[in-house]
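Starting off, we have a lone chain in the form predicted alone, written out as structure tokens.
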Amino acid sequence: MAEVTYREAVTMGMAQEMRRDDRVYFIGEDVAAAGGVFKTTPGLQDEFGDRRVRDTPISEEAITGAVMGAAMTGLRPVAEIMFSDFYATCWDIVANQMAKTRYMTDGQTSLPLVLRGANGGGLRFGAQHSQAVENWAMAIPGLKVVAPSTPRDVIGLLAASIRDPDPVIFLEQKSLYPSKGEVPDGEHLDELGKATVVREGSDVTIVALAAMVPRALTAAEQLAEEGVSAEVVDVRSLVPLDASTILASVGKTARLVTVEENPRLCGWGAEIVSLVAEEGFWHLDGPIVRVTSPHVPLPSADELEDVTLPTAERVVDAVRRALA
């Protein structure tokens, strides 16, 4: 196994699939010669040429429209939406067209495409460039929503997303780009809709996603010093959602804490809580606790952003409340 960064894993995943299938091509703003604003795609144009790796004008509407048309005609396009906040500018194409095409054509037309890009906060980019938008996408039937937390998952889940027959929103948490982890040698393919237990425990289940996973693991280490055994579940895919792994973990620990970067109102953690309340209520020995950002635009000032996003300390406090 090699150790690579999260951003290098994006390049590796893209290259793996482009070598395997010449129908896969890649477009976006500054993704070709520049290798992407977050340097997630350097060298792809050198290897695959400017016919398969192309820069576009600064127009998310044009990017999404182009890949939708390409997918309709038999290609498997991948597009980069530089900052996920800008899904808002192309929402008609994504929400009304991409998500609905399979259903409105009675299954005659599918759209095997991936929209990938940087999501979430942590880099002081302010309210319009730091939003965690997975809730926007998961509310729309017809879209799959994936958010990896490790380099290994970036490669495996990106490959699975590119090979999927339907539109996938692939959200890379931008503060994780410098983080490192081991990746398998050779081709790596994972499975959408499969959560992972990244730390075994017996006293409480902590469910987290993307950048909140390492914070949940840090919290679990701190809780272990207090004699609390916390199990951490990395959701990895919100749509489809692996309810079985979450319910099995809660069945073992009888306590649940969810940790999400989203603003509290209608965050994905509420969906997990609803699921456990409906299907796992009799396993619970205490109240479920959610850890979220407050319902405010994310500040850009260092101190304010730090107190807005969930921290390991807040997770520890939440677990204490769940166990009280």
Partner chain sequence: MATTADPHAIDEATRVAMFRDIARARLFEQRAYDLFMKGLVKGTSHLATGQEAVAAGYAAAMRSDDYVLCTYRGHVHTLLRGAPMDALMAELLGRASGICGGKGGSMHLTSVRHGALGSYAIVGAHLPIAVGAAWSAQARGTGQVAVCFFGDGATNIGAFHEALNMAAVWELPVVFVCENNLYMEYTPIGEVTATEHPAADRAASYGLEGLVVDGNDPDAVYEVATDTVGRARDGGGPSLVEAKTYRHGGHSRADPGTYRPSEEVEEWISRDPYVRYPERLRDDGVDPATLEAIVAEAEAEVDHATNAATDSPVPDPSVILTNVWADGGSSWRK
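Computed from a predicted model, the values in this text were never measured in an experiment. Positions refer to the first chain, counted from 1.
The discussion below concerns the form predicted together with its partner chain, not included here.
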- Which single stretch, out of 164-172, 214-222, 181-189, 128-136, brings residue heavy atoms within 4.5 Å of its partner chain in the model of the complex? 164-172
- Message: Can you work out whether R102 and its partner chain are in contact in the model of the complex, taking contact to mean some heavy atom pair no more than 4.5 Å apart?
- Response: yes
- Item | Proximity of R54 to its partner chain in the model of the complex, heavy atoms at 4.5 Å | yes
- Query: Would L275 sit within 4.5 Å of its partner chain in the model of the complex, counting heavy atoms only?
  - Reply: yes
- Query: Might S202 be said to contact its partner chain in the model of the complex, defining contact as any heavy atom within 4.5 Å?
  - Reply: no
- Task: Report whether all of G69, P77 and T109 sit within 4.5 Å of its partner chain in the model of the complex, measuring from non-hydrogen atoms.
- Result: yes
- Item | Candidate from M82, V239, V198, A159 lying within 4.5 Å of its partner chain in the model of the complex - any heavy atom | V239
- Would you kindly say which of L284, V37, L44, I27 lies with a heavy atom within 4.5 Å of its partner chain in the model of the complex? I27
- For the stretch 256-274, which residues lie within 4.5 Å of its partner chain in the model of the complex by non-hydrogen atom distance? E271
